[in-house]
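In structure tokens, one chain follows: the form predicted on its own.
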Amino acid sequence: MSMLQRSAAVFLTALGLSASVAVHAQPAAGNPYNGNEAAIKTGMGLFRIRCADCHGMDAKGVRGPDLTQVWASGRTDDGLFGTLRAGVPGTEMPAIDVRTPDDEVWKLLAYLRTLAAPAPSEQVAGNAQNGERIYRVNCASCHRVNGRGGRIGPDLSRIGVARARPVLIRRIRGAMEDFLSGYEPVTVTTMNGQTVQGVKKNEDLFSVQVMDSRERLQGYLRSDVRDVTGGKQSAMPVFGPERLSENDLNDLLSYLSTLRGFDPSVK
């Protein structure tokens, strides 16, 4: 062990962590546990404990994306290992706990491999070119794609892999009432009676940060605020059939499915 490694081990030990837990080797070329029955069984348990709330017990997606399609979409074992280790910035996908050994990450992926499905043979209904036009008219003022658009709503640059089609339909049609963290509607009332409406970006015991409808990020000290009221209606408009026809919805979804946020050749 080098002097640098010994110093790191001493520091980590002081934090209550072992060097073997917190320092990870570079990922191997491919998953060493693919096809290993015992490892796959362990991976199944890890998935159900850590991932199923967002991705579903069958890995076909709930709040998170359908994981049965990730290999068919061009991802690799090594790339997915890196995603689990680093998380996906700007999304609900966190980095896996640093104390989790590499072999547990590989076992989890080995289990997911057993659920992998081939790419759908049928074409997704809808005209993606028209869907992009619909997106620009109805969505781009609040959402960003590849660095362009508004900021009041979540970035959609990888929505094609981040959300399953049924979830997107429910969100667009207004059938979902939950709010993503960082986008909860809120009204702040100051001590002088001024009200500011927007989405809550951060809140703690001493302050609250809100992005208003003009995308201005405003911070308030608790001592200057009379009330902070959470809204019951999402800032996301409801696009019912009278506002967005079934054909236009299919076109929009077809376009959104192309937004995958990664280059399969390097992931």
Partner chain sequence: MRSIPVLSRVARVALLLPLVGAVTLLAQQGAPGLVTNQEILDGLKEDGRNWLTFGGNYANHRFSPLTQITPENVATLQPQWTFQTNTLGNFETTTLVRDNILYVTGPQNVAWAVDARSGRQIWRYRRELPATGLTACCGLVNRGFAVLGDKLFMTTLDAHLLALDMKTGAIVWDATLEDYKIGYASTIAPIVVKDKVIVGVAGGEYGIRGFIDAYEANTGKRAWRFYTIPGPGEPGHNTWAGDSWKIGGTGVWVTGAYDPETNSLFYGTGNPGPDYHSESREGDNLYSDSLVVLDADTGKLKWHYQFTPHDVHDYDSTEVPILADIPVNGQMRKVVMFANRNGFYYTLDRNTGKIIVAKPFVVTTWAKEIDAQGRPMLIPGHTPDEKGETTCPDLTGGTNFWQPAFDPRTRLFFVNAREACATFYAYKPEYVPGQRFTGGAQQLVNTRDNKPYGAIRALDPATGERKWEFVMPTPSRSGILTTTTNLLFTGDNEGNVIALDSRNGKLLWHHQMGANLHGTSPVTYMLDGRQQLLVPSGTTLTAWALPAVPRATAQQ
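Numbering follows the first chain given and starts at 1. By rigid core we mean the largest C-alpha set that fits within 1.5 Å across both forms. None of the values given here were measured: they were computed from a predicted structure.
A second form of this protein, the form predicted in complex with its partner chain, is not displayed here; the remarks below concern that form.
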query: Which of 238 to 246, 35 to 43, 64 to 72, 210 to 218 sits within 4.5 Å of its partner chain in the model of the complex, heavy atom basis; finding: 35 to 43
query: Partner contact for A52 in the model of the complex: its partner chain, 4.5 angstroms, heavy atom; finding: yes
query: Touches its partner chain in the model of the complex: D224 (any heavy atom, 4.5 Å); finding: no
query: Contact of D77 with its partner chain in the model of the complex (heavy atom, 4.5 Å); finding: no
query: Contact label in the model of the complex: K60 to its partner chain, heavy atom within 4.5 Å; finding: no
query: Contacts with its partner chain in the model of the complex - residues in 189 to 210 whose heavy atoms fall within 4.5 Å; finding: E203, D204, L205, F206
query: Cα displacement of E242 between this form and the one not shown reaching 2 Å, rigid core superposed; finding: no
query: Post core alignment: E215 C-alpha displaced by 2 Å or more between this form and the one not shown; finding: no
query: Core superposition between this form and the one not shown, C-alpha change of A59 at least 2 Å; finding: yes
query: Sense of the change in Cα distance from R170 to D53 in the model of the complex - at least 3 Å versus the shown form; finding: farther
query: Closer or farther in the model of the complex, the Cα atoms of K200 and V62, when the shift from this form is 3 Å or more; finding: closer
